[in-house]
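Taken one at a time, structure 1 and structure 2 that follow are two forms of one protein chain, written as structure tokens.
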Structure 1
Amino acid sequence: MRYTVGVDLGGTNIKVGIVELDGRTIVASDSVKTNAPRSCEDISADIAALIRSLTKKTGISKDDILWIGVATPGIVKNDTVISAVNLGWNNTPFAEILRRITSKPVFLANDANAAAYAEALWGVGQGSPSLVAITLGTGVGGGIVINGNIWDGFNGFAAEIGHMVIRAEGRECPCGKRGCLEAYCSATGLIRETRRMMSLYPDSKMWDICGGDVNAVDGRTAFSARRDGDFAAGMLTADFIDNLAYGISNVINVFQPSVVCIGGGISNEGDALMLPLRDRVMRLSFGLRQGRTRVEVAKFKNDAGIIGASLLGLQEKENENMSVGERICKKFRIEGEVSSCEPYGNGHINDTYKIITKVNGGEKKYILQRINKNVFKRPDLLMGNFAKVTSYLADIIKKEGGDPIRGTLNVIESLDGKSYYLSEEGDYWRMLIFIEDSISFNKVESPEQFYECAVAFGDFQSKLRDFPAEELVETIPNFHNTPDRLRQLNEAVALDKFERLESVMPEVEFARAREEFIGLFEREHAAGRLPLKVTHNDTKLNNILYDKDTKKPVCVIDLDTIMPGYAINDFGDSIRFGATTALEDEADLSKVNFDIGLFELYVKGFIEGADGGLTATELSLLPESAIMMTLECGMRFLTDYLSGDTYFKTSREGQNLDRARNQFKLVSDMEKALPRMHEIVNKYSQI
């Protein structure tokens, strides 16, 4: 679940809500009095306390909160409240202060902008987020969202729709000018006008509605009397709607947003307001019959601030992604203009984005990846391997009458004709053709799927049987050298940089107790019984793309670790990830069990796919390879946990430790099942 916090900071109340992004709901909310004017530090401390009590109440971990968004009154630019009269703040670095107290990313927006953002993304603008929001309250507020981004001007002062002049030298506005929309269409303006009309029409029903007391007049008085057929109220509300229509049509003529959304107390009048308003706006604004701006009542009432605020980080993320998309994509020979760039997939290593471009009314899709420099020391040499292997595979697939665009990865060259682009920041990027209608899985969903996975990886190895191994550089030296992995674990234990050792001693002992076994493959290799071959080395299920419809494997991906290795490790690594009842990071070990049925299917598929390519020793060591790879991966996760989680991507604290424990649980299961595993392998080896 992805949670964020939305804060609606008002002159009277501080409202805080935890929002669940995928469910689009406020999970819990609470508020305290603002007691303005107060210092930003004090208000931030109150916000932090509210967040703490909400996380406690809901049981949501603070780690699962992605960011805090705040809707605040006044003029806001970037991280600073430039001026907020209600709060008594000037040039206050609000985001920085709240970030310091909460240790979370903080995003700010003016409250009207945040409300517009809520409507644009989750409210009446959903699906085509260009929207102008007009709030008819004490004043007239405005918010502008263009293509999913708040537009607040270069200085933060934009969207003052209430101060658009609709009548030259018209009524006085509190801002000091004359003729502003706010002077006519705020609730304050409407109430003043209602009282004026009442004094001119002593027989008006408006007097009855307010019980003869002008102090009891509110924004509803005139609309109620109009419904009763009152003449004066009819004139007054028609005038109100007319003025509002002028304002809205000016907005439409400038922006042509997909939606103008009307909020605030007066929007509750519903059809009595909206039907004549839409009619007037239609006459006053430009546009053809089709494709007109919709004029709608806001969806969110009191929740707009919290929801809009909670979404503010999305804008930042989107901008970050788009800037990656636009900046880096320009360096590759792709077709069309980038229209979207979103993080993609579940890899633990590289940063992967799905790119969509617009080409002559159609679309093209690509995969853009930032190669992990921490993991791969020479991404340029890695891409050399990548390009050689993919073109070799494409030739074979063509010869077999297959489709090389789907059957293997295809590298798009950079403008200077390389298989990668080295950015100014020193990052290595590659661009691949996106394999259409494909899907990858993090857990085996059906026995056939796992069997097919085995055939695909077996077949992959067999296709590369004659590939000249000496042309490949080792992208990660000693990658599946399990004794070296134990050495690295021991090194991390000795350093214990993050003081995490105490809690993981049993796991460390678990690995150390298997030292003898860990050396098995290196001994077999030294004795000449286990040859090096061209292997994939990262054969987990989600490194195969399946066809979305037929559910058959389409392509083996993630070719970063193709290098000489033991063929059986490609078998073992798949078993580690797939022949289990749980996800790789399942923390509840009672759910993690080795699935011998899936093991059997994989044995069958891998041997078939390898098509006679496995020696008798290799076959006999298949069960041990499952244990070896699972143990090795567990040690790697544990090492990373001890070293501060710098290798594998994590999305929560303790995830690498959970992964390590999960793998070790499987090792124990497999050790018990070893004789049975050998029987199974024997059965399929003899065919």
Structure 2
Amino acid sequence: MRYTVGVDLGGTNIKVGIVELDGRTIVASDSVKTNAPRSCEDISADIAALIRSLTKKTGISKDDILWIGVATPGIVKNDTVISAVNLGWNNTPFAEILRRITSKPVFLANDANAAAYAEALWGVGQGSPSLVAITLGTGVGGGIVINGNIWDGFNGFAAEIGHMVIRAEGRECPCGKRGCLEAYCSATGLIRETRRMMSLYPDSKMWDICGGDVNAVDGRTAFSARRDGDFAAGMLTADFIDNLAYGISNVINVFQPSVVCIGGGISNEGDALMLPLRDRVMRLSFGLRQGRTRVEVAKFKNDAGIIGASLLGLQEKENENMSVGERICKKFRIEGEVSSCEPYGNGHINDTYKIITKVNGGEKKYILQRINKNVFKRPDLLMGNFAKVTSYLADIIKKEGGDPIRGTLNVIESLDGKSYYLSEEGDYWRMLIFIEDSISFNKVESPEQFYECAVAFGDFQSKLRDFPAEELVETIPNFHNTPDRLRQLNEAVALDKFERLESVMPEVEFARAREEFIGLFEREHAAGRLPLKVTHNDTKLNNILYDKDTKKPVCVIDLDTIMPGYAINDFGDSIRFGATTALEDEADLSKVNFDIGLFELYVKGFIEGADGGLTATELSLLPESAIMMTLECGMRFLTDYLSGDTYFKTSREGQNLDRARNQFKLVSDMEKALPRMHEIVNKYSQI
């Protein structure tokens, strides 16, 4: 496990949390009063005491903590707090003082920048190259993240979004200027304007909501009254949204970021805020309709400071990529000296780098990967499977007259003769030969491409038909054990930890009604009719490399989930993924349909590629495998939704539920088409 500490230092409280990086969770947190203004030494001592308390409570050794990140108010530059009025600090070397007290690396950022960093890396901006965060609190804060790095300007003053002028000579702002966004869109400004409107409209429902006490007005008062149809509140909130849209549009027109995220208490108003806001921003900002900036609600609420602070060391680690690459590469039997080490690909599980070495005036290319220990609990066993299968495939390809360097992945041994290297930090690394002149695709671009995908995975089964599957280890137990997935769903239903069950009972009953079918493959296996084979378990299009010129399949990749299993599950998963008319999270089920034409195309390609390597039982169950894998995936999405969206990555509320409904709609379509699906399989298999 990789742990860091995140510190959210505020004018009122000091909040400290231990964060597990691979699991993306706050393991434990605690807080004390800031009691500002106080010296940096005193506050640093309190932070150190909280860290000691948390490590003792969790049993996590101080040695297991990689670094401490701190989100602090004020202007920050070069590990120094230039100015923080509510702390009483000026030109304070905060990072140096805390580093001295804790004996740990310390990284420092302005609190709004840290919150933006959390959203960019783990929140609504995950996977996007740029994000601007706007926090609507007592003031209006901002943060800018570009390519994984916080942009704070040459002097630390960047992203003072609250102080852009949106109304010439407008309302007075606490900064002393007039017309600032903060004067109009902070919670403070909204409360002040709510009270003013209440004085003008004594019959407004805003009076009822705050119990007739203007001191009870908060940022929700006007929006609550608006939902009740209050005229004054409607005017007030419309004006608030207009002003916020002006500010966001200015940000978009200057930066054109991938994402603008809105945080702070007002962001909790949901669609009442976001729907009209997005509409106004669309009208006011520049951009092509196909490539517009997304405006989203921030994912992390009160935890944004801790999470963003805990990630600050990653900026430093990105800058260390080259030195890490050079150090780790020396542990493998590669040729030449490392000349380049760059992040590679768009995978979300392992850290992947492309390595180039200089050799006698030429160059060699490799792939270096750090295996994610949170997902794969035993990387050593995983690599045992990986090495056995790729070595076997290389021999088969060579005997067939092919090129084993392009036809399969090739593992480079470590200096001690293993298929991986275990670093001093406890990380597992592997190195592979880079496959030249190859490309991959994230979505099917033509029916022919789907057919070629089927041929490739069928050929994968054919080449491994005689491999003794019992030699492989089940690295992810019960991965495609569909009855166990139903058990997990029933457990989530019984717990209903997030009180979501009532709205999804039709989906739960949909899965439960198929309990007899769900046990089909396990019964066939127990009867000796369905054999265990080597299975890939992630047969998506983007796990095939194609020749960049011919666009023909070259190599099946991403073999981390190679395990003993049922060959038909690989087929079924491909159908689930590819023979549909909509994306996996499409919420409009009228757009979600099973494409029988694509099914037939895949059946033809898979059976041709398998070249006699499938048994009569496996062939007869191919249609059922499509239903089984789609139903299983739907149950997994539904289980995760009931459990609080902790496994599958989400970018919006209800996404896992939409995914589950999407899959169950496909199951219904497939069940209706089952006789025709059997006819198609019989046509190409001649059973």
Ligand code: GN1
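By rigid core we mean the largest C-alpha set that fits within 1.5 Å across both forms. Every residue number counts along structure 1's sequence, beginning with 1. This one's a predicted model, so the numbers in the text were calculated from it and none came from an experiment.
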{"item": "Structure that is the form predicted alone (1 or 2)", "value": "2"}
{"item": "After fitting the core, residue 44 CA displacement of 2 Å or more between structures 1 and 2", "value": "no"}
{"item": "Exceeds or equals 2 Å, Cα of residue 404 between structures 1 and 2, core fit", "value": "yes"}
{"item": "Core superposition between structures 1 and 2, C-alpha change of residue 15 at least 2 Å", "value": "no"}
{"item": "Displacement in Å of the C-alpha of residue 505 between structures 1 and 2, rigid core kept as reference", "value": "65.4"}
{"item": "For residue 354, CA displacement between structures 1 and 2 after the core is overlaid, in Å", "value": "3.6"}
